[in-house]
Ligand SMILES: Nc1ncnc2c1ncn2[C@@H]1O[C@H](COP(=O)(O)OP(=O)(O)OP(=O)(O)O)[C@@H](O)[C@H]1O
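Okay, here we've got a single chain as structure tokens, the form predicted on its own, with questions on binding and movement later.
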């Protein structure tokens, strides 16, 4: 029996609040399990696609399913199996929460009230922080951290949670090189050791190119889909990033050089 697809879209169209089409004629399927990257220039609908399949935005037309669950009819089921790190987290930096409070959210939010952290929850949260080299900051106020450190804590929160799918929207954006490396290593190790799928929105394939199995190239519709090296095609890339984009091959790697995103690469 064939596995249920990780994500399956059929003739999907989504509008922005102002009525403009954010996504149109989006149809694709990704097998499960996978480490999937969603790439494309700014304004191409990447985050909108994620919010739609999580049930946070309703489609204007068509449908999208996650693990067989329709994003409109079964959004509650989807949120139970997904751990989500949004691009701009809603945590208010004026709220005096500590690092431990943020990471434990990944354990507690899916529990029924009253929500108390068990010794097991605390151990899992500490282990998740250790994965991104932040365990020593357990008691540190979250607002005092640098942008890269905060992002590492939010990734740890996702690792500490439960659910077969991790969804991360630009988790490497605005982070220093050390934080990028730690996040990528943690995700690669976690994927290897656990039965999970990872879906990452990113403007740069380079840091995760050895981990990714499937790439969806978006510019308000599907421009390309497949293994990273097949999507790094000169015609596809120029269609998305413009005529100045170019592919450079060096030592068996394909590099995509664009003004929008820097360098994306894959073997």
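Positions refer to the first chain, counted from 1. Here the structure is a predicted model, which is why all the values come from computation and not from measurement.
Beyond what is shown, the protein has a form predicted together with this ligand; the following relates to that form.
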- Message: Since only the chain is shown here, I'm wondering whether residue 55 would be in contact with this ligand in the model of the complex (any heavy atom pair within 4.5 Å).
- Response: no
- Task: May I ask you to check whether residue 22 falls inside a 4.5 Å heavy atom distance of this ligand in the model of the complex?
- Result: yes
- Message: Taking this ligand as it sits in the model of the complex, is residue 75 near enough to touch it, meaning that at least one heavy atom pair lies within 4.5 angstroms?
- Response: no
- How about residue 47: is it within 4.5 Å of this ligand in the model of the complex, going by heavy atoms? yes
- Message: Within 4.5 Å, heavy atoms only, which of 31, 61, 203, 239 is in contact with this ligand in the model of the complex?
- Response: 203
- Only one of 47-55, 63-71, 204-212, 225-233 gets a heavy atom within 4.5 Å of this ligand in the model of the complex; which is it? 47-55
- Item | Residues from 13-44 in contact with this ligand (non-hydrogen atom within 4.5 Å) in the model of the complex | 16, 18, 20, 22, 41, 42, 43, 44
